[in-house]
Structures are given as structure tokens and as C-alpha cells.
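One protein chain, two forms: both are listed below as C-alpha cells, the first as structure 1 and the second as structure 2.
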Structure 1
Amino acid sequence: MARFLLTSALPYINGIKHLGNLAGSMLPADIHARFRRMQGHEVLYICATDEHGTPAELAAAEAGMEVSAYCDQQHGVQKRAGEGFALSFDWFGRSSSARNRSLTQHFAERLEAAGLLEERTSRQVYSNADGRFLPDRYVEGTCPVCGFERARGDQCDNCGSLLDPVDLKNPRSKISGSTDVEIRDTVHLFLRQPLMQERIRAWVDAATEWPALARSIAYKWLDEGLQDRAITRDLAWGVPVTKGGAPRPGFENKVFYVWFDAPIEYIGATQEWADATGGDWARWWRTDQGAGDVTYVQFMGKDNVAFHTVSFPVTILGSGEPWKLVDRLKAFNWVTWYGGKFSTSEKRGIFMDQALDLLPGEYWRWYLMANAPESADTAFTLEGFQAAVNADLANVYGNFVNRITRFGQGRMEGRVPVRGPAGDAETEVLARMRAGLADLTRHHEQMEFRKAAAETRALWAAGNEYLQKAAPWTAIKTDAAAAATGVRTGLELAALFAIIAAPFLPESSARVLDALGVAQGRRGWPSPDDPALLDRLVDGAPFSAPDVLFARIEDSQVAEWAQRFGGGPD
């Protein structure tokens, strides 16, 4: 038995996430968490909402709410959406928690003690109308290079030039549109990342298990040379900046940058979990307190990789304390909506809460992971979703369970028949299950989600092949023993299929196993050479046929959803 610490990139508090966000970090982490638990390992799966930063303040203002109240509300919304998708977090925390506040302040003070922090004055755009400093992307103006009138503060979308917002002509606030803006000096804490350059590179060099995507992104940053990075902002909402435990002089109206405190919340959320459950957080995070044997896996979209491979490790390593660092990192590309971007404003794409209004979470879990964007961006299409749900879940798996349990109920009096001697069909299907289970287990262990889903499906399909060969509906006319063997084997297969499906489809799996009367102790992840692989039911025990597991998606539904969510390439 091993120990696995799993974290999903923190979803930002600003509104409900779309299916792409779900597929790129939370869902795969949940699949892996469930798989490792089924193997009998000790798992701690942590996530949280990322609540600080300018967008949260603006969203709260737009909603006419205090930021903290807004975050309270949105945290609840996201938590419920996660529950709707059966995300099995051990804890779903909040980066605005007291635990994260003190941890963030602690790390900053450690970094300062190590000589890695420096106060520095910079020039920022201040909007009098909005009463706040404006992040680069919230300043608009005329591009000094090409004259484009709607250039962003950091980059001109017309000519591609990288800009400094103080160089924009006719600058205005993107928030209010006001041109009443000025350049002000402001002091911030800078993290002297170049001092950590070689330590980070050595650490990345050693991380040979990371996927190519993650390493190439990390090396790009390192090759370009790490830069000093401001880790404070002129905002009201966030973690206050301290020095020696007291408010830091000159920083009374500043807070830490959201990207500084957000990853620290992985630890903070674990402390929140410990506070709530009596668990021992240090055993998971401090290598001097038992975390040495923990395997830590992070799940994230590719936009997050640099922060997890470079920025956060600078914080951790720079502290000089024995914190656990990531061991394996699983990064995903994007799920696109018909090849384009999900967009709230243009009403393109389905968001988590909307998806749950249409169908239960499992339908989405299956499609998103069977088509996980592991090697490249992947297009979500309603037609593909319909095809996958109907073919894989309704026809191949759901119908298999339905046909064998209903036949058994009608012809075997709803009691598990006693198996006769195995024939060719039984020997063959058992060998197929052992071989497939070995592949499937390896795919899960390597976090190859597409391959895991494909192999799961292939095993379900092999069940239908078996039934075609055994044909108990024919055998029962002439050979009662052969029919009993066919039904028994079919029921055993149904139980096995539900178990291997459980990481993807936990709720329907439980329904199947309950209907078949499989004991809780027989629901773990099986070993391919388990002598009782197809022998977990009890002779003569009653079983029932579960209700239809997955309903087919009709063409009319697809047409309606396409209308509502902007389906099809436009």
C-alpha cells in the first residue's frame, strides 16, 4: 500500500467552469483518485477555489456584492457542480481561508529571510474613475507601434507587439472606459527568481517522468532566463502583506499576488482538511514528518504548467524548508467547442451547471475522459458525445448488464446459477479479461486516460462476444447446465465490468454491484491473475436487474442543444 497526494489546478472563483476546465484537471484527478483508492492505496485528493485577484473584485462589484460574500456564494456553486460530477475531493477548500493566509505570509517571510525578496518601485496605470491600479490587460489604448486603437496594455492584438501599458497612447480603463487615468509609482515585493535558476533547472532535469509538454514549457522559461517577479498587488482583496508578523510598512493597502498564494493553497486546503477531520496534514506535506513516501501528482491544463514547474517550486525550494515537491505532473491540452474556444459571452459551449441540467454527470465524465486532450487539443462535439454515450454506455455496457440480468431473472428465478464445467467460450473470455485487465491497470497507473477508457470499452465489448458464443437462450432449450454456466459467467462479467468502470462511472457501478449482490469487500480493483476474477457472486444468492443504466441520446435532443449552446462550427 502506497500513499498518493493528488491535486487539481484550482478553479478560479469567477463563475462556473466549462467542460474544458473540468476535463483538464478535476476529472482526470478524480478518475485517478478513485482508481488508486480501489487498489487499496491511501489517497488524499485536494482541490479548492482560487479566490483572489482583480477579476474576483470586479465580478463581485458587477453582482453588487461584497467580495467575500461573492466568493462565499460562488464557492458553494462550484462545490455543488463538483458534487454533480461526483468529484471525490477529500477536501475542496478556499484560497481565502485563514490557513492559506498564514501559510502565504509564512512563505514570504521565509523567502525574505533567504534574501530572495526585494522591494522595488515600478510605474503602473492608475484609474481615478475606478479608484484602483489597473493590471496590464485592463488598460486599453492606441498601440504605439501600429496605431491600432484597441490595443491591450500587455499586447496589441493587431500587430502582436508586446507592450508596456505606460507606453499606450490615449490609455483608458477597460473596466469603466474612463480616460481619467495616470501613471503612478508603486512599491512591490519582487521574488528574485534568477537566484534560484540553477536549482530549478536541476530539479526539472531530474523530473524525467514528466510528460513532454510539461518539460518543454519548463525549459522554455528556464532557457529564456527566470526574471524577478512581483508577488504583491495594489488590491484590497487578498492575503495582507506582513513583515515579522505585523503589517508591512508601506504595504498596508497591498496584498500578495493571486498566483503567489494560489498554489500555496494546495497545502492550505490540506490544513483545512486536517482541521475539519482531525487528519495529519504534515504527514502529506513535510518530508521531515512522514511525507517522504508520498507520491505527489498534480493535474492541470497547459496554461498552468509554468507556474507549477517554475514559479511554485521557487517558492517551495526558496523557503529552505522540507516541503513535498511534485513527483508526477499530468498536463492537458484544451478541450475545444467544435474546434473553437468555449466562450461565455458568445454563448458557445456548455458549462458545468448546464451540463448537469441536461444529463447526469457520468455521461459527461465518460465522453470527456474517453476523449481526454492528452496529446493535443480535442474537439467536443454534441454529435461525438451522442455517439459515445449511445454506443459505449447505452449499447455496449448498459445493454450488456440489462440483457444478462433480465434473462437471468426470467429464466433462473433471479438466483445466481451454479456454474457447470467451463467450455471454450468460458476459457477464452477469462483469458481475454486477464489480458485486458493487465493493460487497463497499466494505463490507469500511467494516467493514460484515453487508453484506459478504450480498454474498458473493449472489455465490455468482449462480454457481448461471449454471450453471442455461449447463447444461453439457445442452450436452455436442450442443456440446462450449459445455460446455467452461460448466465453465471455473464453475471460475473457484469460485476467485473462495473468494477473496472467505477473510476469513470462510480454511481452506475454501485447500482450494478448492488443489484448483483456483490459484497463491499469484493469491489476493489482486481489483479489480472486473481483466481476468483470471475467468481465473486454466491451460488443461489438472489440478484435483480437494475433499471436501465444509460438512456440513449436522441437526435432531437442533439438538435435542441445545438440550438441552445451554439453547436456546429461557425
Structure 2
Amino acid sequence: MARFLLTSALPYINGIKHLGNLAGSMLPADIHARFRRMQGHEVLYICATDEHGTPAELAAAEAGMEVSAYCDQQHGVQKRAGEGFALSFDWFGRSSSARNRSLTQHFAERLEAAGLLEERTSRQVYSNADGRFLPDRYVEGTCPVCGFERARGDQCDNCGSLLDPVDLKNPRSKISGSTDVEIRDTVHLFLRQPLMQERIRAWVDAATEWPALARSIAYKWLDEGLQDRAITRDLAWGVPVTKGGAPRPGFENKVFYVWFDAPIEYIGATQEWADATGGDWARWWRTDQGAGDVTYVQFMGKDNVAFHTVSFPVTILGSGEPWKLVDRLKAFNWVTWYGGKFSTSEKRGIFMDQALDLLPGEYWRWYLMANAPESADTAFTLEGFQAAVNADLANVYGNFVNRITRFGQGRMEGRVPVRGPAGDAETEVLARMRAGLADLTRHHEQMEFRKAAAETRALWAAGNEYLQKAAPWTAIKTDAAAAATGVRTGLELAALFAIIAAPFLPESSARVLDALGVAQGRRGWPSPDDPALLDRLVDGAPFSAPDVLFARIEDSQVAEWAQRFGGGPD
């Protein structure tokens, strides 16, 4: 049994996330966690809400709430949304926790002791209209590199260049839209990343199990040369800046930058988990206390990769302490809404809570992972969603389970029939299951989600082909033994199909396995070489036909949703 530590990028606290956020981090991490657990491995899947920074302050002010109360509320909202999609977090923490505050301050002190932090007077954009310094993302203007007119102060979404807000042309406040801004001096702590340049490059060079997307983004930052980055901000909400356990002189009205403390919350959330469960957090994170044999996998969208391949490793390595570093970083491109951005204000796209109001979470889980944005951005379309649900879930998987269980219930008195001698059809389908299962297992282990979904569907389809050949409804008229063999094999296939579907479709899979009477000890991930691969059921045991697993999506529903959420040609 191996140990797997899985983390997905922290969803930001201000509002429910859209389907693209779900597909780019939390959902694939959940599927991998479920798969590894089914293999019998020890898994710890950690996530949390990212609660600091200006957006939280502004969202709370707009809601007429104190920031802490707003974060309390929104954490609960996001936790319930995750539960609606059956996300199997071992712990869903909060970056505003006391654990994360203490860790963040600890890392800052370690970095300063190592000569990697420096107080420095810098120039920052101050909005006279708003009466405050503006954090990077709250300054907009024209990119000095490509001329894009809506570049953010920290990065240009058009060309990807990392920016300093004072370098923007025609800067304006994103809060008020005012151009009445000026550059003022302010003192901040800077992380001296260039001192770690070669060490980070050597670490990335050794990261051979990262996908090309993650490596290319890391190398882009390294090739451009790491820059000193301010890790404090002129804000009231966040982790206080301390020195020696007391407020740092001159930094009483400052906090640590959200991108400094947020990744540390992976560790903080694990400590929260340990506090709540009695678990041992150190054996997951400290290589001097057992974490050396842990495989650590991070899941995130491409916009988060740079911070996880450069800034967070600088913090971890720069501390000089034996912390666990990521082994595999699974990065995703974006899911778009018909090729454009999801937007609440423009009523474009479906968000997690809205999706759950329309259909159960499994419908969305399947489509998002069957079309995971692994090699390029993927456009979500309602028409594509309808086609995938109807073809894959309703017609192939659901129809197979429905046909064989209802026929067996009616003609075999709801008892598992004794299998007769195997014929050519049974030999062929068993060979197909073994070969396909070997491929499917490899895809899951390599975190190739689209391929895993495609092979899962292909195995379901092979089961339907078997039923057409065996045709127990025809054989029963002349050969009861052959009919019994067809039904028994079909029921065994239904059980196998539910098991291999479980990472994607955990709730419906459990319903199928319960209806078939499959013992809990026989629900683990199957080995292609298992001699009992199609022998999970007990002769004569009762079984039932589960309710319809997946309803078809009708054209009228798609038309209604398109009108409500946007869709189709602009």
C-alpha cells in the first residue's frame, strides 16, 4: 500500500465557482483520490477556501458584512457545493485558520533568517478616489509589452507577461474605475527569488512526471529570470506580519500577500484535519517524520502553475526545513463557455450551485472529465453536454444495467442464475474486459482523464455488444442454460461496469452495486489478471433492478438553459 497526498488549488472565497473551476482542479483530484483509494492505497485529499486579499474585503463590503462573517458564510456555501458534486475531501479547510496564520509567519521568519527576505521601499499605485493603496490585481491599464488595454497589475491575460502595476500605461482603479491615481512610496517585504533561481531550475529539471503544460510554464518563468516579489500588502484582512512573535515595526497595517499564504494552507489544512481527527499531519509533510515515501500530487488550472512551480517551492526550499515537495503536478487548460469566459454579470455560463439545481452532480462530473481540458482549452456547450449524457450515460451505461437487471428480475425470479459453460461470446467479452481494464488502469495512474473516460465508455459499449450476441431473451425460449449464462455474465458485467465507473460516478455506481448485492470487499479496483474478474455475485442470491440511472436530456431543456445561461452562436 502506497500513500498519496493530493491537493487541489484553493477556490477563492468570493462566490460560487463555475464549472471550469471545478473541472480544472477539484474534480480531477477527487477522481484520482477515489481511484487510488479503490486500489487500496492510503490517500489524504486536502483542499480549503482561499480567504485573504482585497477581493474578500470588497465582496464583504458589497454584502454589508464584516469580512470574517462573510468568509464564514461563503465557506459553508462552497463546502455544500462540493458535497453536491460528491467531492471526497478528507478535509476542506480555511486559509484564515489559526494554523495557517502561524505557519505563514513561521515560514517568513525562516526565509528572513536565510537571507531571502528584505525590507524595501517600493512604489505602489495609490487611488485618491478610493483612499487606499491598490493591490496588483486592482490596478488595470495597458500592457507595456503587448498593448492589451485590460491588463492586470500583476499579469497580462493576453500575452502572459508578469507585470508590476507601476509599469502599466494609463492605470486606473478596478475598484472605482477612477484614473485619479498616483505612485507613492510604501515599505514591503520582498522575497528574493533570484537567489533561488538555479535551485528551482534544478528541481524543475528533475520533475519528469509533470505534464508538458506545467513544465513549459515553469520554464517560461525561469527563462525570463525570477524577480524579487513583494509578499506583503497594505491591507487589513489577512495574516498579520510579525517578527519574533510580535507585530513587525512599520508593518502594523500590513498583511502577507494572499499568494504567499494560500499555498501554505495546504499544510495548514492538513494540520486542521489532524486537529479534528487525531491524525498525524507530519507524516504527510515532513520528510524527517515519514513523508519521504508519500507521493504528493497537485491539481490546478494553468493560471496557478507559476506560483506552484516557483514561488511556493522558493518558500518551501528556502525555509531550509525538511518539507515535502510536490512530485506530480497535474495542470489543466481552461474550460470555456462556448469559447468565451464564464461571467456572472453577463449571465454567461453555469456555476456549481446552478448546475446542481438542474441535474445531479454526476451528469456534470462525467461530461467535464470526458472532455477534460488536458491538452488545450475545451469549450463547454449545452449541446455537447446533452449529447454526452444521452449517448454515454443514458444509452450505453444506463441502458445496459436496465436491460440486464430487469430481464433477470423478470425471467430469473430476481435470483443470480448459475453460470453454464462459457461460449465464444463469453470468452471474447472476458478477454476484452481484461485488455480494456489494463488500459483503463494505466490511464488513471497517469491521470489521463479523457482517455480514462473514453476507455470506461468503450468497456460499457463492449458489454452491450455482448448482450446482443448472447441474447438471453431469445435463448430462453430454447436453451435455459445458455440464457442463464447470458444473464449471469450480463449481471457480472453490470457489477464490473459500476466499479470502473465509480471514480467518475460514485453515487450511481453504489446504487448498482447495492442492487446487485456485491459485497463491500469486492468493490475495490479490479486487476486485469483477477481470475474472478467476472465472478463477484453469489449463485442464487437475490438482486433487484435499480431505478433509472440517468434520464435523457431533452431538446426543450437545452433551449431553456441556453436562454437562461447564454449559449449558441453570439
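By rigid core we mean the largest C-alpha set that fits within 1.5 Å across both forms. Everything numeric here is computed off the predicted structure, so don't read it as measured data. For residue numbers, the reference is structure 1: its sequence is counted from 1.
- The chain as displayed in structure 1 is taken from the form predicted in complex with the RNA.
- Treated as two rigid bodies moving between the two structures, the chain carries residue 431 and residue 182 on opposite bodies.
- Domain rotation between the two structures: smaller rigid part turned by 28 degrees relative to the larger, from C-alpha superpositions.
- Its Cα shifted by 6.5 Å between the two structures, residue 152 is reported here after superposition on the rigid core.
- Superposing the rigid core and comparing between the two structures gives a CA shift of 9.3 Å at residue 142.
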